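The form predicted alone is given below as one chain in structure tokens.
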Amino acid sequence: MYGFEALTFNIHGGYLEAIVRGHRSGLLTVADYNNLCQCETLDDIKMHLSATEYGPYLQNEPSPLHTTIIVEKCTLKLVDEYKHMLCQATEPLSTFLEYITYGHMIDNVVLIVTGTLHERDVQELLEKCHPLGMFDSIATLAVAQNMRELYRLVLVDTPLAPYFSECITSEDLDDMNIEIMRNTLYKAYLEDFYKFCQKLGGATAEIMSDLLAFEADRRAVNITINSIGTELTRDDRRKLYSNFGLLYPYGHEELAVCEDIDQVRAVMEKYPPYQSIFAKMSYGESQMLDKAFYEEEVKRLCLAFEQQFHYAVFFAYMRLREQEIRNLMWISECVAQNQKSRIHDSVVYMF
């Protein structure tokens, strides 16, 4: 079907593909979520999770528990699994696995720069950073006053350095500039990852193209909705869209001129894969959009496991596990705040 990957893939990738498929079988099922939704306290959640793969990570936590502890320990499990796979990987899989963490690096950079702007304590900000996106010089981000300093002092030695070429300006950092920086970095990162996957070829290129195109399209929609009513011009908006995906290029031209959510909806309904997402929403509403996109993403990620001999399963597993942690955070928050009626609002079921 794709040439001869099946002949040679297992020499270097077979063991790790087996590992990641084993990890996937440990993801929470609908039955697990139904049990978690019945919980009355965070200790009940801990008790239910003790029968899952999260058990060893939560077993020594004393009461009373906090949502942050549950999320932190579940994330620690993901990080341990990722580090194990990275240690065992050879090229080009090791580079592919590193690409997966660059998104977290961008989020961490933005978190620290924004926090510093609002005079938050650096140590407190570092604790909130995602462990997969940490790098050596991250603490020194706080000293930068503008994009150029940020690049010269800190980021020039990180994997994000090539992505900064498009957003180095001498303008001072403010909330608007930081958001533009985040989206410009993400655009460069997604395009770079897309090119890398195309270079790998075969099933990896085919499946990752679909997953990354979906991510690029979702970001284009979010950028459009979030920039409605701001001083961001149409040209600025267009520059933040990735140069690939189902919406590229004609959908981007239409999104760039949208003035409200219903115009965005009209554009997206021209594309069959996205019709079902917008069909779930009533007119003028965007609250449920995130959940609808997450559900569509989970569906596509699960399909990645239907084929063998490709690297997309590693990307899919990491994303599914991150979605699972978001689900657990939402359920824990609802239980902690006694808002159980809202539990089903944001839980995205996987299997």
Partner chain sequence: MDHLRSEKMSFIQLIMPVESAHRAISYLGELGMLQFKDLNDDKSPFQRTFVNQVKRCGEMSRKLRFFSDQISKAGVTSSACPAFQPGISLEELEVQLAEHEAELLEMNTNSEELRRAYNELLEFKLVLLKAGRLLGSSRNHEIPAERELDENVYSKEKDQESLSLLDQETLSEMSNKAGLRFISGIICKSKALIFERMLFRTTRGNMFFNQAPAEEHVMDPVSGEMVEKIVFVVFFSGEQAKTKILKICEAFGANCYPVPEDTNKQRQMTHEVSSRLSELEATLDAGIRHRNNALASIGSQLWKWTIMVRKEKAVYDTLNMLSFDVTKKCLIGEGWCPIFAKPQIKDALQHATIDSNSQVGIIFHVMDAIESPPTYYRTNRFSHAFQEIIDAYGFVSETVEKIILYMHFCSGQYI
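If you're wondering where the values come from, they're calculated on a predicted model, not measured in any experiment. Residue numbers count along the first chain shown, from 1.
This protein has a second form, the form predicted in complex with its partner chain, left out of what is shown; the following refers to that one.
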| query | finding |
| --- | --- |
| Touches its partner chain in the model of the complex: Q38 (any heavy atom, 4.5 Å) | yes |
| Contact test in the model of the complex: A142 vs its partner chain, heavy atoms, 4.5 Å | yes |
| 4.5 Å heavy atom contact, C302 to its partner chain in the model of the complex | no |
| Its partner chain contact at H48 in the model of the complex, heavy atom, 4.5 Å | yes |
| Stretch in contact in the model of the complex with its partner chain, which is absent here, among 319-327, 60-68, 304-312, 289-297 (heavy atoms within 4.5 Å) | 60-68 |
| Heavy atom within 4.5 Å of its partner chain in the model of the complex - the one residue of V156, A279, V257, M176 that qualifies | V156 |
| Proximity to its partner chain in the model of the complex, single hit among E231, E127, D136, E91 (heavy atom within 4.5 Å) | D136 |
